[in-house]
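Just one chain follows, in the form predicted alone, and it is written as structure tokens.
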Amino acid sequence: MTVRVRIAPSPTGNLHIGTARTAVFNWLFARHCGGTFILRVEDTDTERSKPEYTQNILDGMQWLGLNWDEGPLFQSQRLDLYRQSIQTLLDNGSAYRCYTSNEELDTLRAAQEANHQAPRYDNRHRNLTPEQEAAFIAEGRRPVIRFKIDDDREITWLDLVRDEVTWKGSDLGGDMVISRAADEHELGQPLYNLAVVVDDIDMQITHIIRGEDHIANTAKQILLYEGLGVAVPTFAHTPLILSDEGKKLSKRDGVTSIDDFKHMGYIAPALVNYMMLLGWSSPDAEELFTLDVAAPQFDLDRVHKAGGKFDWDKLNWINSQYIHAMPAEQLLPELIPYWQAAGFKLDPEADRSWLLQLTSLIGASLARLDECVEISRVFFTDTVTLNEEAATKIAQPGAKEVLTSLLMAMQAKSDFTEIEAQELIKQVTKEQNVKKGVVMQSLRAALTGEVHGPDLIQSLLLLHQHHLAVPRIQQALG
């Protein structure tokens, strides 16, 4: 059997991290088994589905490296196929036209709520006579199509993550609507459960890997497979991504879309790596691995049953490891858009050598790409303001004499090598008869306005190349 799996996002919003994590698991399973990974866009919700969300999903999947083998396939282009299946269910007696009005449904729900009962349809129109149906049609009622669910039925399947799962038919809310209201002899818009089953049958999906919030849908869908007379695929329900409060991660928790993570400065391999750890553990307990490394060892047996809490510290650590491993030539193109968005003046081509040096200097300090703005701001501004600590260092005994000596040497030489800069520090330390710390502290304070930062010698060289070091020392001397 050739494994065929799918990811089926709905374009009613941007690509969510929960959907993306499900896509990761499907992609890994397909690659592990030598199977096929299919992208299907479930866009039958015509009011909420938007082209820009579809594009966001496609872009997000590609950015994450989740290349699909077939698709994208769109449900909105497959309506005739769904209606054929609905007609099959009507013809074989598995479904029927239901004429219950919205007012009658509201009354039913209100009575159930008053009696502290779970909401469910009472199947009142399951066995209408032709005369009763004709009377409803004469009233102008437009029927929905309902699929029959036997309350006494137990639906059981062997889940690849949760082992044996059983649902009672009586817990599924009564006969299920599978098509919206339409005229007497027509079939309306198909609803989610029906469309999903028909798609999975048509696409020959062998394994359905999705979040545990779909378990109740699975019970209903198994009944639909049976009603359509086809084999039921294998299911695997993965744990949800949880907030700090242990609830399903939602938009109310802030950042949830892949776009958000991208703009915040997370890089795709790191985010994918973290998503894999949110519900799966590698056999060798490693925490850093790419998709290609994880695929050969991916197994649904190692997917957790319990939900994983989203941990920003862990994500930042993983992201930092990937950034720190990137050579400057690879990291620089990732940083330039953040510098440009901050309004920094730079010419990516003319300043390339200088920018590569800057990238090498700050790369090891970054946990997210966007942090490059603040950590490198001092290299793009004409002047700096001394913070309180820096002002104290400038005011310490011997500091201004040190800065004066440094200034004279730097005015006499337009460029320094790293070795020359280190020799200059030693020379000034000896001439002024001060500790090296006084020289280093006062120089950093004058150059950056702070007492902490990237390597001082490299910072000095970069600033001097852009003719910023001398003016800043002059400013510090007053």
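This is a predicted model, so every value here is computed, not measured. Residue positions are given as counts along the sequence shown, with the first one as 1.
The discussion below concerns the form predicted in complex with a small molecule, not included here.
(message) So if I measure heavy atom distances to the small molecule in the predicted bound form, which of the stretches 268-276, 210-218, 388-396, 300-308 falls within 4.5 Å?
(response) Answer to the contact question: 210-218.
(message) Using a 4.5 Å heavy atom cut-off, which residue among Gln458, Ser10, Gln465, Asn14 comes into contact with the small molecule in the predicted bound form?
(response) Answer to the contact question: Ser10.
(message) Just to be sure I understand the contacts: of Cys372, Val196, Ile155, Ile145, which is the one whose heavy atoms reach within 4.5 angstroms of the small molecule in the predicted bound form?
(response) It is Val196.
(message) Although the partner isn't part of this model, could you tell me whether Glu42 comes within 4.5 Å of the small molecule in the predicted bound form, counting any heavy atom of the residue?
(response) Yes - in the predicted bound form, heavy atoms of Glu42 and the small molecule come within 4.5 Å of each other.
(message) Tyr192 versus the small molecule, in the predicted bound form: is there a non-hydrogen atom within 4.5 Å?
(response) Output for Tyr192 is yes: heavy atoms within 4.5 Å of the small molecule.
(message) With a cut-off of 4.5 Å between heavy atoms, is Arg6 one of the residues that contacts the small molecule in the predicted bound form?
(response) Residue-level check for Arg6: yes, a contact with the small molecule.
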